[in-house]
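Below sits a lone chain in structure tokens, taken as the form predicted alone.
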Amino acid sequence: MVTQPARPAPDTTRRSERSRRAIYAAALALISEVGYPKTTIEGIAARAGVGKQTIYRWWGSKADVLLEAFLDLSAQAAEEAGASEQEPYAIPDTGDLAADIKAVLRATVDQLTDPRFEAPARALAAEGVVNEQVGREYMANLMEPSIQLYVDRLRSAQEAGQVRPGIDPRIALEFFISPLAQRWLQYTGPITYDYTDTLVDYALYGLAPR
């Protein structure tokens, strides 16, 4: 009698990761196509080719799925930019504050106008305006890490004597971030390098005659 070789046990870790990736992709695609309100757990499950119980086993709501999918997309972009878990991304400190802030804002322009990011980011941001829980999670998980990068860079500029000691970095960074976010969300003007460069010049050098 010939014994058949034992089949290797299925790799549940690999299968779970494959399902997770499919769910991320489905969630981001649906929110881009139909918007946040019409995106459902059932729709994500059908698009990903998994049962909805698979989603409920890992996440408590569609907001949780979408936020995690977008965080994963952002992490991939950070890796493409050269960041890693060992060396997370930081705004470069070349000694020239204006040049460093301009560079990171230009990268932000590229991300905001990238179709992979724009539709899901816009949908989540819009939902966060009317849904407090989504808004708080969006802020804590997506915005706060980026804001901290500006805080760190402005503090290093203070230590170098390039920014007045009394300036609060968390307020100062809004001169760069808030106008860009408003223009992007409300379509009040084009999102360009020239625009963000000008924001930096106005913020750092003021509006009064020199």
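Values in this document were obtained by computation on a predicted structure and should not be read as measured data. Just count from 1 along the sequence shown to find any residue number.
Below, we turn to the form predicted together with another copy of the chain, even though it does not appear here.
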property: Non-hydrogen atom within 4.5 Å of another copy of the chain in the model of the complex for each of Ser19, Ala26 and Ala78; result: no
property: Contact test in the model of the complex: Phe176 vs another copy of the chain, heavy atoms, 4.5 Å; result: yes
property: 4.5 Å heavy atom contact, Ala123 and another copy of the chain in the model of the complex; result: yes
property: 4.5 Å heavy atom contact, Met139 to another copy of the chain in the model of the complex; result: yes
property: is_contact(Arg57, another copy of the chain) in the model of the complex, heavy atom dist at most 4.5 Å; result: no
property: Residues of stretch 172-194 in contact with another copy of the chain in the model of the complex (4.5 Å, non-hydrogen atom); result: Ala172, Glu174, Phe175, Phe176, Ile177, Ser178, Pro179, Ala181, Gln182, Arg183, Leu185, Gln186, Tyr187, Thr188
